[in-house]
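In the block that follows, a single chain appears as structure tokens, in the form predicted on its own.
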Amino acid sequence: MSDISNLPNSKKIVLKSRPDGDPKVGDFDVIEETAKAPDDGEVLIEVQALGVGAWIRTTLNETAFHGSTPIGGTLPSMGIGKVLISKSDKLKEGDIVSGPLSAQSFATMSGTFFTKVVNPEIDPFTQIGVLGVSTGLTAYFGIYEVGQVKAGDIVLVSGAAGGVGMIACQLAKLKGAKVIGIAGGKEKCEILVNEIGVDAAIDYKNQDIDEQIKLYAKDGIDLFFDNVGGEILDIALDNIRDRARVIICGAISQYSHHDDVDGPSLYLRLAEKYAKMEGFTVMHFKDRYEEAYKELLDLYNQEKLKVPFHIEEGIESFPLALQKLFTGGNTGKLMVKI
């Protein structure tokens, strides 16, 4: 499409009211309008797929690290799409791009916000689920650079059945570590063991986490990759051994009540064990994205990385997908097919 006189209708998901606790479908509206024609430097993109990440919940507060979504504002999301009309010197019509498309079926934005996908033959779900900034790249830098995982380490991963967690588990295994994953439910734990290849899985809904860690890591853990926070973080701190590394990647258990965060009470274990706790976001490594992308792509092509996808259909399903993320209704990277 290059005719701006025949612009498509676009649907977008907007914030109707700020969630009280976990996000619910009723907190959002679906708005339909004609897509905006691009101005100089802008592109009109047909959205193909969107990632649904826990970080989106933090933007629904009035103040937020990732920026606050105003009432009536379109929900943020990273995704993959095809350029339909380009008035940007950076991108041409037909290019497949990745970037902050937001929860909408068509996006008109500056071309500078987007990166051309160098392997457009790879489907958009793999692009997001394995090679995405908020999935594969986050796991890559968290495990390799921040966590400094090495052969023989005992690694514990919370949120292990999510998009980041599954890749973190596999990257640690590829370095020769013993990996224990924490997830909710028997089915997720079976997938972690039988498909992802972790050495052991702990069902936090039906098992005593502390008891299970001591069963699988009787001398303690060397590296804890945390996506959950709260009580699980304290239990992990109580099971670290000397010079352990605790990596704070996320805290999905705390995102719905930022004004009353349940922080770690056992932080003195860090001093007792001469250990360290370090947080990060993938944005701290943006000058090295290309390096990580190439390595992840190579591992994927060698079939050494696999991530199950949970895909909801249609932009209208975005609110439900976000709700499912906080109720444990997905296994693997949660995405919406547009």
Ligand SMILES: NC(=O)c1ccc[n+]([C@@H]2O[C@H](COP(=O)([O-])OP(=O)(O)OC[C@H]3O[C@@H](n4cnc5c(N)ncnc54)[C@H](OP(=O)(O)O)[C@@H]3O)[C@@H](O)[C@H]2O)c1
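Counting begins at 1, following the sequence as shown. These numbers come from a predicted model, not from an experiment.
Keep in mind that the form predicted in complex with this ligand is missing from the display, and what follows is about it.
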{"item": "Contact test, all of 81, 112 and 124, partner this ligand in the model of the complex, heavy atom 4.5 Å", "value": "no"}
{"item": "Residue 255 within 4.5 Å of this ligand in the model of the complex, heavy atoms", "value": "yes"}
{"item": "Exercise: residue 134 in contact with this ligand in the model of the complex, heavy atom 4.5 Å", "value": "yes"}
{"item": "4.5 Å heavy atom contact, residue 205 and this ligand in the model of the complex", "value": "yes"}
{"item": "Non-hydrogen atom contact residue 281 with this ligand in the model of the complex at 4.5 angstroms", "value": "yes"}
{"item": "180, 149, 228, 246 - the one with a heavy atom within 4.5 Å of this ligand in the model of the complex", "value": "228"}
{"item": "91, 191, 251, 96 - the one with a heavy atom within 4.5 Å of this ligand in the model of the complex", "value": "251"}
{"item": "Location of this ligand contact in the model of the complex, chosen stretch of 266 to 274, 51 to 59, 291 to 299, 28 to 36 [non-hydrogen atom, 4.5 Å]", "value": "51 to 59"}
{"item": "This ligand in the model of the complex - contacting residues of 164 to 179, heavy atom within 4.5 Å", "value": "164"}
